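Here's a solo chain for you in structure tokens, the form predicted alone.
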Amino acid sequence: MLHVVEKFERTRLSAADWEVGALDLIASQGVGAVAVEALARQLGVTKGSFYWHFPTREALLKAALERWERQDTDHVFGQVEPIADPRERLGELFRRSGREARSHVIYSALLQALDHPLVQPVMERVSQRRMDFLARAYRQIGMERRQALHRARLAYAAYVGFLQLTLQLGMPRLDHAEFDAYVEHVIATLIPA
């Protein structure tokens, strides 16, 4: 009887459970791996339970991408925006960004799927929000608008490039101390004193 109860409880997944599962698949295998059957197997349920929450795979993918986008905003920007000093805010953004490993892996996988019609608009919004945040902080430091935008592009390009080198090109990963030293070097290089 206990086995039946456990199985029943496992099949009562929420839409959020499916979304998180889809993000896990994106992180480990890419956007193309998000399939109802594979995800049901990973979650230990039948694919029939999927249809209680989503009419199609695309609806799940859209919801999962929106979840990731909200988390990107809440977990990183939401925590650094209250910092009054723009130099400190940028430094903390760079440090926090370095600690969000799962989000980086998902971001990197989404970069590889920019031709997907659901991925492309999400990545545009996320990138624009990040660029706006960076440019605004550089303006608050005292840079003129054009210079602030150039510095924001440089900072964002450094982030994307680092992800590409480590996650897609397989460059050797830095150990914790080396990575911390790298982040501090980025901060010293990209945030004017």
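Because the structure is predicted, anything quoted here is derived from the model rather than measured. Residue numbers run from 1 along the displayed sequence. So that the term is clear: the rigid core is the largest set of C-alpha atoms that superpose within 1.5 Å between two forms.
The same protein has a further form, the form predicted together with the DNA, not shown here; the description that follows concerns it.
At the 4.5 Å threshold, heavy atoms of residue 166 stay clear of the DNA in the model of the complex, well away from it. In the model of the complex, the DNA sits beyond 4.5 Å of every heavy atom of residue 154. With a 4.5 Å cutoff on heavy atoms, residue 12 counts as touching the DNA in the model of the complex. Although the partner is absent here, residue 128 lies well away from the DNA in the model of the complex, with no heavy atom inside 4.5 Å. Heavy atoms within 4.5 Å of the DNA in the model of the complex belong, among the stretches 65 to 73, 50 to 58, 146 to 154, 132 to 140, to residues of 50 to 58. Of the residues in 146 to 163, none comes within 4.5 Å of the DNA in the model of the complex through any heavy atom. Annotation: Cα of residue 178 displaced by less than 2 Å between this form and the one not shown, core superposition.
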